[in-house]
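The form predicted alone is given below as one chain in structure tokens.
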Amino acid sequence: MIQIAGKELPNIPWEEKPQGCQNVLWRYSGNPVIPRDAIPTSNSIFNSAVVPFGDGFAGVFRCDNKARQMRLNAGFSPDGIHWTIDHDTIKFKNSPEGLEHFDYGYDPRVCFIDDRYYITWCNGYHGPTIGVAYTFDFKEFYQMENAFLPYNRNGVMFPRKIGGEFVMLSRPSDTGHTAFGDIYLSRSRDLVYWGKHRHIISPSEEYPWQSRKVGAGPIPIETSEGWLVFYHGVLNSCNGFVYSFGAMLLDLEDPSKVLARGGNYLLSPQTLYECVGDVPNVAFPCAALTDSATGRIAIYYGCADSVTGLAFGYVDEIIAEIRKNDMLKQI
């Protein structure tokens, strides 16, 4: 059995695979787990981050309001299914000089390192870049320096230092609805100055579900086989972009090395709530919970830029699927 590093999570949200299901991932029967109107001010709640916290769970949620402004709100849940999301948006404390004004924020990720929870998100600063903040309690949030210059999206930190350095995946982009995108890796000793940039993967014309652009999804999961990284890929169809997600394995001590990359998607937009919404045909993963005792993984993903879905899988089956359809073996 492949081992997941970290603590056991016996209260991980979970449903067993439906009888007859042939897929590696399966959807929660109660999807969408978070509706678009979970708070009075929201137009949509999607592309959000969830972590274990206390006896339950906490998260940072993308809540686009009824003015269609992109905002971040905190929330709590006893079981990862039923959520109470703060009606007020996050107000960062001690923002660095020049970063006090909040243009927009979207697609957050959250990971725990050492003694605090770090939040990264797409931060509006003369264009999209990667904002960084931390919290101890999901009530007070402290903003740090932006990680990169504009333009960048999908900033995803690894959940521990590697070689004494913080490590982050990101996708350099442009100011618009980016029609391109590769995943890169960067390192930092102090969470202020980032460098040692390395290219990780590009889109692939041979595998059209990920032929237009790719971007990192949930916080990488440390396993005995390597870092398990879910990522979204985009198909440029005759009717616009289609967002699905798959996975790859990176080397534990040098995550700039790709060990295996799945050629097939693990989940694509096929249900009504994934295909119909403000942005049709989107399945966009941003968070994953893991239980080291059972190998269970629960993935939160945005659906049609409107609601939040939940999918489940076992680490053994996911990694077996990556290796079975490894793109690198075809090169």
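On a predicted model such as this, the values are computed, not experimentally measured, just so you know. A residue's number is simply how far along the shown sequence it sits, counting from 1.
Note that the form predicted together with another copy of the chain isn't included here; everything after this is about it.
> Among Tyr142, Phe241, Phe76, Phe112, which has any heavy atom within 4.5 Å of another copy of the chain in the predicted complex?
Replying inline: Exactly one residue meets the criterion: Phe241.
>> Please tell me which of Asn94, Thr84, Ser224, Thr175 lies within 4.5 Å of another copy of the chain in the predicted complex, judged by heavy atoms.
In response: None of the others qualify; the residue that does is Thr175.
>> I need the one stretch from 205-213, 132-140, 113-121, 154-162 whose residues put non-hydrogen atoms within 4.5 angstroms of another copy of the chain in the predicted complex.
In response: Comparing against another copy of the chain in the predicted complex, the contact stretch is 205-213.
> Taking the shortest heavy atom distance, is Pro269 within 4.5 Å of another copy of the chain in the predicted complex?
Replying inline: Yes, Pro269 sits close enough to another copy of the chain in the predicted complex that at least one of its heavy atoms falls within 4.5 Å.
>> Contact with another copy of the chain in the predicted complex for Gln69, defined as at least one heavy atom pair within 4.5 Å: yes or no?
In response: Although another copy of the chain is absent here, Gln69 would touch it in the predicted complex, with heavy atoms inside 4.5 Å.
> Is there a heavy atom of Asn11 no more than 4.5 Å from a heavy atom of another copy of the chain in the predicted complex?
Replying inline: Flag for Asn11 set to no.
>> So, Tyr106 and another copy of the chain: in the predicted complex, are they within 4.5 Å at any heavy atom pair?
In response: Looking in the predicted complex, residue contacts with another copy of the chain do not include Tyr106, since no heavy atom lies within 4.5 Å.
> Since the partner is left out here, which residues of 159-194 would have a heavy atom within 4.5 Å of another copy of the chain in the predicted complex?
Replying inline: Glu165, Ser170, Pro172, Ser173, Asp174, Thr175, His177, Phe180, Asp182, Tyr184, Ser186, Arg187, Ser188, Arg189, Val192, Tyr193, Trp194 sit within 4.5 Å of the partner.
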